[in-house]
Each structure stands twice: as C-alpha cells, then as structure tokens.
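Below sits a lone chain in structure tokens, taken as the form predicted alone.
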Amino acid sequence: MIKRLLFILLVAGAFSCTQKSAQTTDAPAVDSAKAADKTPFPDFGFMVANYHGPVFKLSQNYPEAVPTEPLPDFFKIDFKKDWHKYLEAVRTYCFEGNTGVDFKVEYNKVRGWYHMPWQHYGPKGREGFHGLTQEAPVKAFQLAPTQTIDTAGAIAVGFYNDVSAYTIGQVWKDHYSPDSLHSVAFKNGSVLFKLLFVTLPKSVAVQQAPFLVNGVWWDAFCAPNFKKPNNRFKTQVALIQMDIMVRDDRAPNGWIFGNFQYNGALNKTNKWENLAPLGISWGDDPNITTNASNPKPTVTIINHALVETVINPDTKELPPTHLGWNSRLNGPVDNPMSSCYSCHSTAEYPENSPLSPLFFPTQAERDKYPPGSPAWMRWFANLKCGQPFDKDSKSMDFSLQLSASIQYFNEWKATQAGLYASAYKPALEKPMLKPEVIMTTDTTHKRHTEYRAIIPAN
C-alpha cells in the first residue's frame, strides 16, 4: 500500500510540475534504509496521446544470482584469426528468438534479454513504441556522398543477456538507491548489443543512403530533426547499425567490440541479416597517434598499421564508410574522430569527462587536446575492464547506459520533476509529459542538466 501511494504521489508530482520550479523538493522522501524498494522501473517517458496499441515493455527481472549455463559457442572461436566467423556467431546469438518477435524480448522463447533502467528520463528519453532513445546527430555526407540532409539523427535501444543483466540488477538492487560507490565489473560471458536507427525521411532515405534499400523500418515517437529535439511525433526510422560488446577473458583488456552496418543490397531473406560485419576491436592501439579521419566517405580507408582492430575489406559485403579516428572501429552513425573503445572507456560515475575531447563546451578547452597529442591520446588508452577513466570516479565497466542510468536517476531525484510511471496508460486523457531544458551546468563536465516537465499543446 505504501509503495502504491508513493507511486501515485510521484506521478501526480510529475503532472503538477508545470506549476512549480525545477528546484521543487517537496516530493515524498524515500527511506531506502528501511527497505530495498522494488517499485517497477518506468518503461518509457514519451508516447503519442490516446494510443491503444502494443507498447515497449522494460525487461527488468534481472537475475539475482550469476547464471551458470555454459558460455555461448562463439567463445570457442579465435576472435582475432576468425573475426568474421566470430561476429556472425555473436549476431546469431543476439538474433535467436528476437528477430521473429521484432525484438520484443518478453516473447523470446530461446533466452532472456534485458534492458537498462532509467533511460526514460530527460529530453533524449525512451519512446513508447520500441524503447528507442535519441543518440546523436548525423551530419550531411556522413553516411554517403549522396546524403545532403543534415538534420537527421541516430536513435537506439540496447539489450543485455542474463550474465550482464545480473550486474545491472546488483547496481540497481534498491530501485531508489543505485550503487554508485563501487566500480563495476561485468562477468565473463556478458553480451551486450544495440540496434541503431537513422531518422532520414522514408521518402528519400534510399536516395540519401543507398545501402538502406530493402530496409527494416520501425515506428518511433522521436524528433526526426535532431536540431529540434523537443519536436517529437510518430515517424518511421531505418535500421542502419548494430553494435556488440562481449566480456571475454581471452581479450587483453577484457572486452571485444564489434560493429555491423546495414546493407540492403545483400537482399537476405531475413532482412535483419543484411546487417553485415563491419569490423572487430579488442583495444585502441594507443601507439598509433597519426591524425587522420574520413568524415565524408567515398571509400573505406583501412589502416593496416592498427594491430587491435580488423576492418572488413569486402566491398561487395559493405558500402564505403568513414570508420573512426585513423580507421579505428566505429559505425556509420558514430563520430569519425572517435572509436567504439574510446567512447565506452569513459563510462563512469560521476561522469567527470566527456565522451571525446571534441565535446568540451568551449573552443578554448578543446584546443588543449590537439588530435594525436598526449592529452588527446588519454581517450585512446587501453583501459581494462573495471578501470575508471578518471581517478575520482567509479568505473561502470564500459557501459555508457549504466553510467547514464545513475546520472539520470540522480538528476530526477534532485529536481523531483521527472516522469516516474511504470507503464503507459492508454486511458490517460492527457499526453505524456515532455521535458524542457531550463538550465544546464557544466562546471566539471558532469553533463548535469535540470528539467521541468511541460504538456505539449497538441
């Protein structure tokens, strides 16, 4: 009864916050010392009004003990020598039981998959069709020489197998008091994958990015124009990329990264299999400091000096792509001046450093990190699993969603202006609340933003 009352008060507070300042602190306090609260995490934060169809359900019954089943078969494959076979085997593992149910993992009959909590909050928060969160803008010509639209963006949803979900459940054992005092280390056998979509208009998507032919399209309640992030509406988005992370003790630093790029020209019977292996990485080659990038790709530039990355050279299997900094592994909607490894190495709490030196807020700060310099190369060091990026932070073990989940929760807790609802209610007469940024502080680059919720006019 107490939990139900707390839930009602929290939701009521979210709907009444248009009358209050973002500094409101009069919501009921939660004494986590009395009980580890298990109120369900919110499924999502944004959805069209008066919708009565199926919605995204957060898979949150995290295992309470480390799963003991054997490691997947791809752990027997030499990921350096047989990298293509390895990536295909990981893809099969991620697809089994999921492609036939449109990745609604609650219907998967093969194995359990889980989601990260607290991705619903803030302006980039989860939408209600597929649980997609808004990720990053996609610049003109980033995808192909024919891509002139510069307002598109990437949106994504992540999935965690039972081994990795155990760690999530331990951090979030008390739903009102996540453990941010200890560094995290995912267990060997953890598998994470993320599906990424692009918000190019369907009417011109193939002309802008020809490899999207025969595409996979999802409904989404998002902002197709990433320059207007609060202007959400129902639209369709195209599958473009898949990222995988595997916690493997055979890897020198504990993690293996992989990317897949959609190529509809392959014309597979199962369209999801048009996600072709782009490359694999088990380190960031910290000794390679030459500044080079290919932000407007007409060809894929492969750097054969890299010894911890392998890129697929097959031009029939893949279209040209920009890769990452000096051809390190990165996908088509990722930053061409970064890499998978470098971005994820910054996963920590508190978030004391940006994902890249390019993301410091002022030009004067960015000038302190010229590409290839020792300061810049801090982002391309070979951190090991469980090692924090900053000495004053706790490692979230390469999981950016895990670090973000704690950050979002604490922002909500500080402002008491976040939407906290365990499920979208079709009977609601009012549309879901939208957050509006009213103040951003960046004194220590902790990316702290305060919000207040607003009800859209339409």
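If you're wondering where the values come from, they're calculated on a predicted model, not measured in any experiment. Counting begins at 1, following the sequence as shown.
Same protein, other form: the form predicted together with heme C (HEC), not shown, and the subject of what follows.
Proximity of residue 300 to heme C (HEC) in the model of the complex: non-hydrogen atoms within 4.5 Å are absent; the residue sits far from the partner. At least one heavy atom of residue 344 is located within 4.5 Å of heme C (HEC) in the model of the complex. Heme C (HEC) is not drawn, but in the model of the complex it has a heavy atom within 4.5 Å of residue 258. With a 4.5 Å cutoff on heavy atoms, residue 369 does not count as touching heme C (HEC) in the model of the complex; it lies far away. Taking the partner from elsewhere, every residue among 160, 243 and 355 has a non-hydrogen atom within 4.5 angstroms of heme C (HEC) in the model of the complex. With the partner omitted here, the residue from 211, 83, 172, 193 that has a non-hydrogen atom within 4.5 angstroms of heme C (HEC) in the model of the complex is 193. Checking 135, 219, 88, 273 against heme C (HEC) in the model of the complex, a heavy atom within 4.5 Å turns up for just one residue: 135. Just one listed stretch, out of 104-112, 203-211, 329-337, 374-382, contacts heme C (HEC) in the model of the complex at the 4.5 Å heavy atom level, and that stretch is 329-337.
Residues from 294-317 do not approach heme C (HEC) in the model of the complex: none has a non-hydrogen atom within 4.5 Å of it.
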